[in-house]
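Only one chain is given next, in structure tokens, and it is the form predicted alone.
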């Protein structure tokens, strides 16, 4: 990418892919920020609080914390398990999972120290999933499209895998709030001490979020009595030096998976497939990024009104694919219904058609944990 007077705005999506007008407007407004070089929307683009989700932004000389958002380090992590697909025991497993929302009773300080992660004031939340679209989900292999790429992951085709989506919980919120209290939505000169201070806190939150996903997986596995092996962990909310190596250029991702970190998982909803994809890491015009999920189609505030006449809560704890859902928060159960999301097949299809990735495999949700907290 070359420096230019006006930022490039691009949306990676086919004409058939519906993207809300407000999300496009947010993308275009963000492109006008000082120092912005490019604003790239993915096919899962949807409106956020001031700036869109499902986008990558390249800037020069300035860092914009609000473009990372309050869940710094949020991402997807995948583990293989020793559970065979042929022995599904959904109700028994659901009962054994119990409550993963409460504070972990282990030694948090030691757990973080093992990963060289500094302790924080938010460590009581370590190992908890959080709300919104976060989850821990057992999945089974649905189909393998690229056997050679799949083999590099070391996952047996007949075993279940665990996918965890979570972030830095209240830690990222505190870091963003500290910035907003001083600078509002203004960016920071990337060569200054304020930017360096933010980046130190940011990098700590990214590491904390990764540790959080690892502890969620451990709690999940311990409850079921299974063994785990890590496969990948990919962050989709972060700011990093631009992959082109240009000095003082920064790549912000807000709900955008990196194409520069190897194979990634792009989940659908709890009622659709997830895709394991192999990115092309060279695609600068796409902000070196991919979609991070299906992307919301309906606003959270609208979902229950749309669906409560069609579904009772009991209907929503089973999916069309035969999966079991643990979500005792009635509002969240509706908000996260599969119908509230875009079609993941179309989202990934747009990425493939644009040459940004190829499909390695698809995964089918089996048991999705959201929350035991009642509301």
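Residue numbers count along the first chain shown, from 1. If you're wondering where the values come from, they're calculated on a predicted model, not measured in any experiment.
Not on display, but discussed next: the form predicted together with the DNA.
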Margin query: So if I measure heavy atom distances to the DNA in the model of the complex, which of the stretches 261-269, 122-130, 193-201, 279-287 falls within 4.5 Å?
Written below: 122-130
Notebook entry, point to check: Closest heavy atom of residue 26 to the DNA in the model of the complex, within 4.5 Å or not?
Noted result: no
Notebook entry, point to check: Is residue 243 close enough to the DNA in the model of the complex to count, meaning some heavy atom within 4.5 Å?
Noted result: no
Next item on the list: Evaluate residue 71 for contact with the DNA in the model of the complex, applying a 4.5 angstroms cut-off between non-hydrogen atoms, and reply yes or no.
Entry: yes
Next item on the list: Determine whether any heavy atom of residue 179 comes within 4.5 Å of a heavy atom of the DNA in the model of the complex, and answer yes or no.
Entry: no
Notebook entry, point to check: Though the DNA is not shown, can you say which of 101, 173, 142, 146 has a heavy atom within 4.5 Å of it in the model of the complex?
Noted result: 173
Check: Quick one: of 249, 218, 300, 297, which gets a non-hydrogen atom within 4.5 angstroms of the DNA in the model of the complex?
Finding: 300
